[in-house]
Ligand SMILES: Cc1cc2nc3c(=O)[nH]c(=O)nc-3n(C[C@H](O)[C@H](O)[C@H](O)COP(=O)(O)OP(=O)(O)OC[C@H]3O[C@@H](n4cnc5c(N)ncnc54)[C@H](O)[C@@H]3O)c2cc1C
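This document opens with one chain alone, in structure tokens, the form predicted on its own.
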Amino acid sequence: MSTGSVLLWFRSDLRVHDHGLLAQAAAKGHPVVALFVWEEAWMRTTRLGWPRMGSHRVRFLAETLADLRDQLAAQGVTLRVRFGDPETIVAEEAARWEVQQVWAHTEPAWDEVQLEKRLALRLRRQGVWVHFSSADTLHHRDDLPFAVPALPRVFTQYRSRVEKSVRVRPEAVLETGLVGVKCEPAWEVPLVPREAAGRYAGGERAGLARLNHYLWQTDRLAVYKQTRNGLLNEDDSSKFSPWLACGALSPRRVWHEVKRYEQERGANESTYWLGFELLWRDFFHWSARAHGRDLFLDGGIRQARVAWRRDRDDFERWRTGTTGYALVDACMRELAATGYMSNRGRQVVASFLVKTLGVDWRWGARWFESQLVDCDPASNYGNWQYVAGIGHDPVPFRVFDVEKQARTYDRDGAFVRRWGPKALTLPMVDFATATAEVRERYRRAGLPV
């Protein structure tokens, strides 16, 4: 029997499959009001001069919400999409539809955690019970062999402990139909800019189709470890990240499909390695929770005191792909045009900005946050801190040699021809000299080099 209606606040869990709160509402017979808040803050221009959420991300999120709206409508539930401040809007919606409870999945980053605390207090004052639970990790928090604040400092230690003692839980399943509260729809979604690229279609169904394509239709999972650093071929890597980032694809669905693939078509190093990458994603999630605000501060979780340069001209040459280093420029232009860049490309351009130009890593992280359709704060800022040597990397001054990376991963120059500038320009700095100068900055900060 139902014990009252529930407002289900969707956040980075924009799917119907493996959605624990939907399954719980169905099992208990709670009538559901579904809400998503498109935050006004996402559309504001940052102090660096660009919107926090760029056009590619706007398009991808709008498509994902349209797909979720259709999926929920098929279950008899209306999705309301509101624009503004989530603390205010969730409270307003709870009062408007006279719900007794608000349910939502938690987020790992500092601002979102603080929002959850403020909202819970506000709703309790309204007499509304609030329930937050975990959704976007492979392993459940309660199953970890350590408390989150005691997260191992190095990924290898984390992986070793988790692989030995933690199993991935089964997916949450909708075993009965949902009951929707009768309410009018709302669709306060910003207009998608004309320049927004459509490289990847947003939505749960598109994410599940990509999973099926990569594993079952093409068998590319079998060679993932050998091809994952490719720059140009669409199937060199899984490309699951856009859907994982917004929760349109569940990491547990990916994991269990990989295990089924291993049973039916065989396990090898590549099938293991995809699960290995999901563990990295979890690690950054738990790190965001463990380190809070330090994830976003210039010294990182090491609280290092590196004298970062804040040179706008150098940064703009990096951002616009006009450094004179062909691989860096091609990667940055691909990002601007499509909202995506390979993992190898991200490491190369991040290393160049921070370890060669010495520019504040947070500028790069904020540009990626604006542009990448697969951006989530924990992975984005965690990876940037790792490359900057102020995060979880046990080797703080690890440098990617741009020319060597080009020779290794773009041997025939196809990627640079596809995305690089048509006219060659002189390099903006001498790589060796500039990197040596930044190395000295790290040494003065007391970091091992």
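Since the structure is predicted, the reported quantities are computational estimates derived from the model, not experimental observations. Numbering starts at 1 and follows the sequence shown.
A second form of this protein, the form predicted in complex with the named molecule, is not displayed here; the remarks below concern that form.
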For the named molecule in the model of the complex, the stretch among 45-53, 26-34, 420-428, 382-390 with residues bearing a heavy atom within 4.5 Å is 382-390
The one option of Glu87, Glu112, Glu171, Glu277 with any heavy atom within 4.5 Å of the named molecule in the model of the complex is Glu277
Sole residue of Trp308, Trp367, Trp103, Phe240 within 4.5 Å of the named molecule in the model of the complex, by heavy atom: Phe240
Could you tell me if all three of Tyr224, Phe284 and Arg346 have a heavy atom no more than 4.5 Å from the named molecule in the model of the complex? yes
Is the gap between Ser342 and the named molecule in the model of the complex 4.5 Å or less for some heavy atom pair? yes
Using a 4.5 Å heavy atom cut-off, state whether Glu107 contacts the named molecule in the model of the complex. no
Taking the shortest heavy atom distance, is Ala350 within 4.5 Å of the named molecule in the model of the complex? yes
Indicate whether Leu244 is a 4.5 Å heavy atom neighbour of the named molecule in the model of the complex. yes
Relative to the named molecule in the model of the complex, which residues of 353-381 have a heavy atom no more than 4.5 Å away? Phe368, Leu372, Asp374, Cys375, Asp376, Ser379, Asn380
